[in-house]
Structure formats: C-alpha cells, structure tokens
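In structure tokens, the next block holds one chain alone, the form predicted alone.
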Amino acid sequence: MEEDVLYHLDLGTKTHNLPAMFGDVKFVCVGGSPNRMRAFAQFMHKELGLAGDGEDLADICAGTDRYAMYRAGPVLSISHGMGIPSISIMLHELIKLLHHAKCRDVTIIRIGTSGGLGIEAGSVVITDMAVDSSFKPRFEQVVLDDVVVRSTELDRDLAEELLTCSKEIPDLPTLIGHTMCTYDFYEGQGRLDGALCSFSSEKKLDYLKRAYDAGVRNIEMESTAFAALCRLCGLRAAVVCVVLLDRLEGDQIRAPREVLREFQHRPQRLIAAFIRKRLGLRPPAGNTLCPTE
C-alpha cells in the first residue's frame, strides 16, 4: 500500500511522520468517553512527573469528531465510543498506526464502566476472559458472507500483574472474572427499563444468575471485539472496568454523580500505578498507590 489513510483518526502515512509521533509509545489506554480519556491523559501526565500541568494537552485527532487521542509521555490515551462497531473501527486504525510507527512491546488496556453481577458497586473487575451473551469465549465476526469465530482470551499474566498491583492501593476492591459483552445496553443486558421489554423479571434474574454461575462478574459492550482483535494481532491486552451497580439488585444507576466520578477514577488509579511500576517510577509525593519493587 503506497499510502495508508487512517480516516477516522485523521492521520496517515504520507501526511504524518508516525514513527516520530508515536514510535516510543509503550502503553495504549482506550475508553469510551473522549472527556474521560482526556482526563486520564492529564492524570497520567501528573503521575509520570512530566513537565507542565498537562492542562493544555492537544487532541491528536482534532481534525475528526469520531475519536479523541492524547499523549502523556509513553502513554497514548484514546476514546473508542460505545459498542462493538465503534471500538472495532478505532482498533483497526490504532493497530495499523502502531505498525506504521514501528512501536514495539506495546501493552493495550481498555478502561471503563460496567454493570456488576453479585459484586458491590465500586468494585474493579480485571477480565480474564471476555464472553458473549451465551457465556462462551468467542467473538463472531461476519466477513463477506461467512461468520468467523475468534477467541477472546486475554493475557492471564497481565491480569495477574494488575491484580497484584491493586493490592497495594487503598480502597480499591479488585477481582479477576469473566466479562460478558453484549450488543446493546437494554434488552441485550436483560434490562426491564428500556423502551422495549419482552421478558419478565423472573426470566431476567434467571439469565443473570446463570451468567454469574458461568463466572461472569460484569457486563459491558466492547470486550469481545477488543480481546479478539488484540489477540489476533499479538498485542498484550487487558480489560479493567469498574462496576456502577449490581445488576442482580436492579437496572438503573442511581448513585450520586460525585460517587460515580470517584468510581470511574478507580481503573485509572490502578493503571497509573501499573504503568509507573513498569517504568520503575516512584509515586508522586503523597501518593502510595503502588510502590515500585
């Protein structure tokens, strides 16, 4: 290919010097919201002790309104929108970007929010395996007129490393479990409060309890596509999501906004500690999230 236009990222091999811009990236963190990923990049800027306050970080994808991308030293922070179609488009172009930039030994982590199963709100789930709505570790992708089934196992050593790091952080309840990925937020997740509902409360609870018995501890809408693509492309990958409610107890998220903000910061705290530890950096003054070895 003479030129590769990464259309949805507003980048390209002829218009940008991708090795100069991204060649030293070692960690890529992706999440749904552009504002959240900007805040994460600013947080990492401070956690890594970089010059300046990080408030003026530029959106590298400012020429498009599809995704947002920020850098903080060796960390790339990118939004992926909501759901499998949106994250898969971003991942295809991100993985090509890393290839064109000649990046090596990159770790990619999805951070986000989710609904829990049988665990308290505020808990952080590190995914060992992403499963579909039938609790199977697979991602079904239609390619031309064929259905291609791909594995969704994630890097177990990376998951254990993250869990070990979490134990050094106060007030950060963390566990490893399966994550169920669905195609929508309402019917696909067994909610009774959508515009349409064709099942009873009893059937909903039976389904969610069967998911729990199969090892599912949280539910979201991106992990199977994320796990499958990263695995096929040889990227070490993890999914780290905080739980906003226990779906066995209800459907609607009713926690106050300030509580939700603190919950949403928990995966960021864990990943910041993990990255600092990998880089051999000490925590900023007054911060004891995860001491270096």
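Residue numbers run from 1 along the displayed sequence. Everything quoted here is computed from the prediction, not taken from an experiment.
Unshown form predicted in complex with a further copy of the same chain; subsequent notes refer to it.
When a further copy of the same chain is considered in the model of the complex, only one residue from 260, 39, 248, 50 comes within 4.5 Å through any heavy atom, namely 260. Proximity to a further copy of the same chain in the model of the complex, defined as a heavy atom within 4.5 Å, holds among 173, 188, 215, 74 only for 188. Stretch-level contact analysis of 22-30, 251-259, 41-49, 235-243 against a further copy of the same chain in the model of the complex, using heavy atoms and a 4.5 Å limit, identifies 251-259. Residue contact with a further copy of the same chain in the model of the complex: residue 268 places no heavy atom within 4.5 Å of it. At a distance threshold of 4.5 angstroms between non-hydrogen atoms, residue 83 is in contact with a further copy of the same chain in the model of the complex. Not displayed here, a further copy of the same chain is kept clear of residue 70 by more than 4.5 Å at the level of heavy atoms in the model of the complex. Using a 4.5 Å cutoff between non-hydrogen atoms, residue 120 does not count as a contact of a further copy of the same chain in the model of the complex. Along 47-71, residues 63, 65, 66, 67 each place a heavy atom within 4.5 Å of a further copy of the same chain in the model of the complex.
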